[in-house]
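Here's a solo chain for you in structure tokens, the form predicted on its own.
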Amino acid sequence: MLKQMDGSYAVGEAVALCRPQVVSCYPITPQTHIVESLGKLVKSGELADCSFMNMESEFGAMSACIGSSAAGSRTYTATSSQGMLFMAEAVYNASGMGLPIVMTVGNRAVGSPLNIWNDHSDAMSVRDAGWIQLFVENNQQSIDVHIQAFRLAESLGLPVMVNMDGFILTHAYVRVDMPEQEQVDRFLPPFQPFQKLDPQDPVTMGALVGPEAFTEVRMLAHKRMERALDVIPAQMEAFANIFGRDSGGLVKKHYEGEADTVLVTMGSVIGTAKEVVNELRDQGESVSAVTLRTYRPFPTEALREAVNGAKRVVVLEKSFTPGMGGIVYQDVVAALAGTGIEVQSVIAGLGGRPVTRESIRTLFAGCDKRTGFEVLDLDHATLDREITRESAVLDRII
């Protein structure tokens, strides 16, 4: 059914179609509207047989998810930014215990300084936590990928994090095609946990593991993540057969054929990037674009295939590690090792700074002279002035 609605309420409605049995939440901008919409559906009875738990913190919200999922309930939550950091310990526990929790992250910068706008700092802060991390580029994908996320999580025994750009997607009113309940039921069967806490059949979960077995436990988690690389494309095809849409998957190559320069990115910025790539291709330039829809596990082979034949890959990302540079860039460099393809790093959109078509044109124009990582639209005058001021103070102290 076609509807005009904002991204948050669209995700809430899609999650409700998945028949969650427990929704545990704590509000934080920009994801609050998602759990708010689910709370309304539970209260009205439209989402039946579901416990809605408004917790005292994000740590409490994820801890409640762990308990409910371990007891065998289909479980969902959402968070953003500092909320993710506050639940970080429990985020690791959820994956370590193999619990198929689904969580939306309305991606937002992490402070200090306080900033409520979009970048991917929150998702990157837990990239090594053992969760499958999926990124969506528009609100239709936000709906579709959440439905796939429950089936993916429950078929692998791993938690799944669906990342959607805060405000850019969560607060954008667009037309979406909301699936019918019958379609979702055909795609997503009732949750059948392969292990759960049951007083009649007691097991131990989350126990202490010493040096004699800890490495093997971590490798077991790695092997589960590797299985996801086969399961994700298969589930994307199964989804397309029922819903008639291309959604999800490992990577998306937006133009067929080879190109000299390929832009690799994640999230909603691909929309603007495709417009610029179209313009440049019309002018005869050999450029293309690829989106990473799956970030963890990292789709190494799928990316190598998608950029095959390129002379240069430019990684455009909304994340940054001080003292090193681009985060996704490092993964792409490792994935393309031995191919001979040059990999460049470009940072943009931190703290919600718009990534404009002109910015991306600048990115492509600078490919022949870029060394190290580049930050698009950086105010060099302000930065240099502050560096000079700080240096003067520090020199006196030293």
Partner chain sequence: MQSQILHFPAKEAVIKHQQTGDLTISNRLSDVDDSLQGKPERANSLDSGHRACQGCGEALGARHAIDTALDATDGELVVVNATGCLEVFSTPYPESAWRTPWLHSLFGNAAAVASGIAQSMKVQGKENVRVIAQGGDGGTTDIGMGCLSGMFERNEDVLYICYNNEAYMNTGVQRSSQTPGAARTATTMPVGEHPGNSFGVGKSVPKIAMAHGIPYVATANICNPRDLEAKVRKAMSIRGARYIEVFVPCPLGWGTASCDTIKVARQAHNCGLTPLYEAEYGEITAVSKIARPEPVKAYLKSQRRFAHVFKKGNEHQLEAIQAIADANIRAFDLLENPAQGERF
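Numbering follows the first chain given and starts at 1. Please read all numbers here as calculations on a predicted model, not as lab measurements.
Quick note: we don't show the form predicted together with the partner chain, though the next part is all about it.
Enquirer: To verify the annotation, which of these, Lys252, Arg127, Lys274, Arg224, has a non-hydrogen atom within 4.5 Å of the partner chain in the predicted bound form?
Expert: So the residue touching the partner chain in the predicted bound form, by this definition, is Arg224.
Enquirer: Since exactly one of Leu229, Ala240, Met324, Val217 fits, which has a heavy atom within 4.5 Å of the partner chain in the predicted bound form?
Expert: Selected residue: Val217.
Enquirer: Find out whether any non-hydrogen atom of Val203 is located within 4.5 angstroms of the partner chain in the predicted bound form, and reply yes or no.
Expert: Residue-level check for Val203: yes, a contact with the partner chain.
Enquirer: In the predicted bound form, does Pro233 have a heavy atom within 4.5 Å of the partner chain?
Expert: Close contact is absent here: in the predicted bound form, Pro233 is far from the partner chain, nothing within 4.5 Å, heavy atoms only.
Enquirer: Whether Ser345 contacts the partner chain in the predicted bound form should be assessed with a 4.5 Å heavy atom distance threshold; does it?
Expert: No, Ser345 sits far enough from the partner chain in the predicted bound form that none of its heavy atoms falls within 4.5 Å.
Enquirer: Does any part of Thr32 reach within 4.5 Å of the partner chain in the predicted bound form? Heavy atoms only, please.
Expert: The answer is no: Thr32 has no heavy atom within 4.5 Å of the partner chain.
Enquirer: Flag this candidate site as yes only if Gln140, Ala337 and Asp368 all have a heavy atom within 4.5 Å of the partner chain in the predicted bound form; otherwise mark no.
Expert: Checked in the predicted bound form: no contact with the partner chain for any of the three.
Enquirer: If we take heavy atoms and a 4.5 Å cut-off, which stretch out of 260 to 268, 284 to 292, 302 to 310, 188 to 196 is in contact with the partner chain in the predicted bound form?
Expert: Selected range: 188 to 196.
Enquirer: Can you tell me which bits of 1 to 24 touch the partner chain in the predicted bound form, meaning any heavy atom within 4.5 Å?
Expert: Contacting residues: Gln21, Val22.
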